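The chain below stands alone and is given as structure tokens, in the form predicted on its own.
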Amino acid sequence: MESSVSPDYPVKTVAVVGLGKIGLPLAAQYASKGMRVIGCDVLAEVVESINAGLAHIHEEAGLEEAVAAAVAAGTLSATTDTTGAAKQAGVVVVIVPLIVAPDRSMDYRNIDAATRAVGRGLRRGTLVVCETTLPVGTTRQRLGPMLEKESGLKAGADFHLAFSPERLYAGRIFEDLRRYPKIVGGIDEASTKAAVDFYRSVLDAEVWAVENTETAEFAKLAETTYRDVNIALANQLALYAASREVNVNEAFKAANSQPYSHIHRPSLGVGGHCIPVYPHFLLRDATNGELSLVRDGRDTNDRMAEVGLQQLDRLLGGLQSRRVLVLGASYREDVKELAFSTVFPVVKLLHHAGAQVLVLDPLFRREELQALEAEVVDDVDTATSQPVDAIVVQAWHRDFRHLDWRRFKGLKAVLDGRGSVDPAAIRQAGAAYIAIGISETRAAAPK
């Protein structure tokens, strides 16, 4: 069938559906390139904030200034009416999260609702691009039919449909938008070309076309799964080395001096929306025998919190009634986000062992950490007001980097869950230093 999709690109009005930690920076980026951007979100308070020129996300460098400038220039506005925005847009970019439950089951309700709302306003000739990370085949097999049903139009014949994964790191999104190639795959050649043309008009980075939406979807899952498996490899190597008097940090540094080696750091586990989650998008439909390495890597990383706390338990002669302070609740340093953070299994395991658990994270208000069911302390002064037996470094925020470990009265051991702390500083404070891959003889405090 000959396509009747209008070829009038580049377009000038873009609807960005989902104004979260990725969507709002994308909207600001497009506006900075001269596009008229309509941001869509279901939360009225988010929309009101943006229309007042205020970003509701404060941790992203340059975002507040970019939003204020775009709103003042009249190039960025926000609405709760996604259908109305789609009616005005030549391009619709969907970046609504696919919710993943703690058991890794997927809840499509939010992205389905957003897709249907876009479909009800979809015009002939529009380009729809999904940037939400999805299982392979979802764009073509799930989102496309929804758009067709709601609009009465045919994907490929009446509108373009493509997938382009976000590849951004919270805290440096604008930098990453300039640095990483933008991967684009459409349901057909014309959709791919339309998406490539759009992204070349709004980004400074290279834009790479791949064969189809499935290839683009898989590329994102492959790159995040690589990191998960690499971390699992580092953890397994570190555990092997610990019983053989190997200095793991030196060994990995030496190995990585060869350009084909890039071993990651061992750790207590992997958190966040991406690395511990996206491998399951592959495993969900893998047949017996497929992706066994991926499955083993997930199992390895999921058990590392238990491995680390077992080390701490042995060194202290038990955790029963011990006061243990957890530094950092976030899934990684300097980011205010709890999604799949290792803090949850760490606190649960400490409670199960009978420890009294305290948590300190300066990025969160006390009420935001209630789900941990631990004693939340507000600052280092409070944490040092009473003795603690041990500290678990779960997220090494910049606020912790000048800690004087000698302030912690009664400190016997520090479990460095991220391999970020100077062991000498711990031992100078009279405490033992523990980390994944550190043998118990190396962990011992100086006599």
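All residue numbers refer to positions in the sequence shown, first residue = 1. Note that the structure is a prediction, hence the values are computed from the model and not measured.
Quick note: we don't show the form predicted in complex with a small molecule, though the next part is all about it.
- A residue is said to contact a partner when one of its heavy atoms sits within 4.5 Å of a partner heavy atom; residue 15 fails this definition for the small molecule in the predicted complex, lying far away.
- The small molecule is not shown here, but in the predicted complex it comes within 4.5 Å of a heavy atom of residue 166.
- Proximity of residue 437 to the small molecule in the predicted complex falls outside the 4.5 Å heavy atom cutoff.
- Contact annotation for residue 170: at least one heavy atom lies within 4.5 Å of the small molecule in the predicted complex.
- Scanning 67, 40, 37, 415 against the small molecule in the predicted complex with a 4.5 Å heavy atom cut-off leaves one residue, 40.
- The contact with the small molecule in the predicted complex, taken as any heavy atom within 4.5 Å, belongs to 114 out of 114, 78, 122, 161.
- With the small molecule omitted here, the record of contacts in the predicted complex names 92 to 100 of 145 to 153, 92 to 100, 251 to 259, 353 to 361, defined by a heavy atom within 4.5 Å.
- Every residue of the trio 22, 132 and 220 has some heavy atom no more than 4.5 Å from the small molecule in the predicted complex.
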